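The form predicted alone is given below as one chain in structure tokens.
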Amino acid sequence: MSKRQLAMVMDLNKCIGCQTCTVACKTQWTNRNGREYMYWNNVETHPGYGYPRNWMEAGGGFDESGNLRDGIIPDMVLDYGVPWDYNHDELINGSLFQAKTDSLEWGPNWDEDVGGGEYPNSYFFYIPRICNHCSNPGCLAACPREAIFKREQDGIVLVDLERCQGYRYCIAGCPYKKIYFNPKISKSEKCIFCFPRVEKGLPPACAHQCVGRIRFVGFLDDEAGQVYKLVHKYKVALPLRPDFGTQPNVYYVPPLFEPPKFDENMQPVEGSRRTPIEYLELLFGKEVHTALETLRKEQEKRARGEESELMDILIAYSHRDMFRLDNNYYQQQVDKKLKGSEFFKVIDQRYLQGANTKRVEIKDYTFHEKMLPQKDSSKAKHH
């Protein structure tokens, strides 16, 4: 068991489906060497098939008795989609923009913005997904090599590539299908919560680059942090598919804001919502009713001009306040040389606050530049 748990909260009311998080993750971790088809972070349209296709119906996780459920390994062509390139080099000659392949079966975001319902009452919303770094990981339970472990210091789930033999039981065991097989090295790989960045004082790339400011990162036991308040104090952040039994540590503020339904005369139906509450129950459990009611009441308070800490948190006025990485805590772990740690020198002071770390008032915003190797100007002039 890990001593503490680093977690993430995503506010679905602010996600615009821009895929900036996806690109940030893809360019940093999975753009080469057998990882081309992997999306450690992806943004799905819901209702929809998701990525890989029909992942919610692919098994894995645990039953009510705590037994590991049987799961399947998604098909590379039909469920993930084989990556393809476009003819960018031919466009200058007047060619039409098209894929360099004759057969496209499936791919990430194949059904983007399709959603559910019929005109004029169609609806959809976005769900960004990463590894949930579960407290009871199905991938860990399924691995016969004991190659998957939770970091003692923060609960991040990692794969020990020296022990992994590529059996892929982990993929079948994960109900979220957020662990992938790398065919070039015959090993499994997955989201690492950008732990090398966290140990440098930087948030995960997906959270740092999010233009909608939907992602909060911090420890679940940090009572002064936004993550603790959203999950435990106000209880508006819920795990995705809690019925899978893995105890996810990525949480979602469910979608509250949406246009009303229209009647046969194209008039808005007051008090109606397009997204069926049953679908939200499927995703987030029965607690979604209480979460939505809390959000609604707090929104009404703010509309009346009253104070609302919850609304202030979700608005996210200050980008730096969204991440509480508690650097002093990590520094206390350095001498222990725990498995899966790197502990690089901090390069950014903005996000160091936390339960064990006092907030630093930043006066010099060139701090990170001074930590980088400097070019020798004399040598540059000589050459």
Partner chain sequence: MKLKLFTLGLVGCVSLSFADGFEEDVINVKKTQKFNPSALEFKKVKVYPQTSVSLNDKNTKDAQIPELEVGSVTTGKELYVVVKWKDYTHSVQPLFTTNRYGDGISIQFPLSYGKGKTLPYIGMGNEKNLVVVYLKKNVENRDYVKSFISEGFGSLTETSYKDFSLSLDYDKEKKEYTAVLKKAIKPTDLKTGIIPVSFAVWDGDNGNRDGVKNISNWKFLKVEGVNPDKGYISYLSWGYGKIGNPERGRELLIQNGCIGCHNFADQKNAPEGLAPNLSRIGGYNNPVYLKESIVNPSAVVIRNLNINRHYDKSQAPDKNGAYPNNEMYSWYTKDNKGKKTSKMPPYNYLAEQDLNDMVEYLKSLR
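It should be emphasised that the depicted structure is a prediction, and the values quoted were computed from it without experimental measurement. Residue numbers count along the first chain shown, from 1.
Below, we refer to the form predicted together with its partner chain, which is not included among the displayed structures.
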Task: Contact residue in the model of the complex, from 143, 192, 250, 127 (heavy atom within 4.5 Å of its partner chain) - done: 143
Task: Per-stretch contact check against its partner chain in the model of the complex, the hit in 289 to 297, 223 to 231, 272 to 280, 239 to 247 (non-hydrogen atom, 4.5 angstroms) - done: 239 to 247
Task: is_contact(residue 308, its partner chain) in the model of the complex, heavy atom dist at most 4.5 Å - done: no
Open item on the list: Does any part of residue 165 reach within 4.5 Å of its partner chain in the model of the complex? Heavy atoms only, please.
Closed with: yes
TODO: Classify residue 49 as contacting or not contacting its partner chain in the model of the complex by the rule of any non-hydrogen atom within 4.5 angstroms, answering yes or no.
DONE: no
TODO: Considering only heavy atoms, tell me if residue 68 and its partner chain come within 4.5 Å of each other in the model of the complex.
DONE: yes
Task: Heavy atom contacts to its partner chain in the model of the complex at 4.5 Å, residues of 14 to 47 in sequence order - done: 37
